[in-house]
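Only one chain is shown below, in structure tokens, and it's the form predicted on its own.
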């Protein structure tokens, strides 16, 4: 019983206590926006190009990350004229567009402050698809809750869903070992040097 109890505490209860859950301020349907048959105005022939339409690179090559409201209002510019019929869009128009207020998104993929990560080096130079690190997030219809490690303050997407650290897919975790593994597989071992990522 003691062994079983320890397993339950370690594998079930501990993760529940370690991570807090918080809903995003509103839902965002990635699948809808990535579908050129249903949404017009988001350019791109490939999935990566359509991701980059909203999650763009700035002129200096840095990654803009989560889009600002000004990106959304390129299409959703009139609170009185929604493009669809969903309650979510109308709430977005009323609460954020009408008041010109930024959406306080919670970032699933923010790395620790000591980590430097260049999206443009991986996407443009490395020719990597977004899904290698982000899985099918671009095809999700409902945003998952944001889970934050109560000790470190970082998202569970960084450590990984499993408390054991075991992973099946490249997008299951975003830890240093995962970066090094990918660099090695692609013959880029020189990028495993400490100061490539820790500036």
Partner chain sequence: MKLDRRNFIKLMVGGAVGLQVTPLPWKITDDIAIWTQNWPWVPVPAEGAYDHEASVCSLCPGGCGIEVRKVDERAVKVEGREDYPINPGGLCPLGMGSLQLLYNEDIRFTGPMKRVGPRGAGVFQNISWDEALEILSGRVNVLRRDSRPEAVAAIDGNPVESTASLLIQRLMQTIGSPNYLRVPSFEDTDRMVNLLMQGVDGPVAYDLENADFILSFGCGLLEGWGAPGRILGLWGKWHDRENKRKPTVVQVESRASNTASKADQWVAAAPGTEAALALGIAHVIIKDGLYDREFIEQKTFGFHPWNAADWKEHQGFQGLVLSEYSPRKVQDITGVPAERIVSLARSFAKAKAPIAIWGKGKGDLNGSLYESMCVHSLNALVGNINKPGGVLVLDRLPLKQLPETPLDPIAEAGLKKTPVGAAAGEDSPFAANLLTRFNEALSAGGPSPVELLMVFGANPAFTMPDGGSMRRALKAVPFIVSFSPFRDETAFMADLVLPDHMAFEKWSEIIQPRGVQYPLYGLGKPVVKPLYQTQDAGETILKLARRLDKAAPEAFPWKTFEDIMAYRAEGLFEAGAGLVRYKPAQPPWSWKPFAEPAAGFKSSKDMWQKIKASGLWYQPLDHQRAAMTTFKTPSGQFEFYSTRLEMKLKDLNKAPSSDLVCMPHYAPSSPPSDSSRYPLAMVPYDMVNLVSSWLPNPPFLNKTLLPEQLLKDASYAEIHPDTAKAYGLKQDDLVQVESVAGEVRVRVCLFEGAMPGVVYLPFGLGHTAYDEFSRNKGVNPNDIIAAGADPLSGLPVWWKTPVQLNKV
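Since the model is a prediction, treat every value here as computed from it, not as a measurement. Positions refer to the first chain, counted from 1.
There is also a form predicted together with the partner chain; it is not shown, and the following applies to it.
- Taking a 4.5 Å heavy atom cutoff to the partner chain in the predicted bound form, the contact residue among 152, 169, 139, 46 is 152.
- For the three marked residues, 33, 37 and 126, no heavy atom of any sits within 4.5 Å of the partner chain in the predicted bound form.
- The shortest heavy atom separation between residue 183 and the partner chain in the predicted bound form exceeds 4.5 Å.
- For the chain shown alone, residue 3 is a contact residue for the partner chain in the predicted bound form, at least one non-hydrogen atom being within 4.5 angstroms.
- Contact between residue 193 and the partner chain in the predicted bound form is not found at the 4.5 Å heavy atom cutoff.
- By the criterion of a heavy atom within 4.5 Å, residue 69 is excluded from the residues contacting the partner chain in the predicted bound form.
- Proximity to the partner chain in the predicted bound form, taken as heavy atoms within 4.5 Å, picks out 56-64 from the listed stretches 37-45, 130-138, 56-64, 23-31.
- Taking the partner chain as positioned in the predicted bound form, the residues of 16-47 that bring a heavy atom within 4.5 Å of it are, in sequence order, 18, 19.
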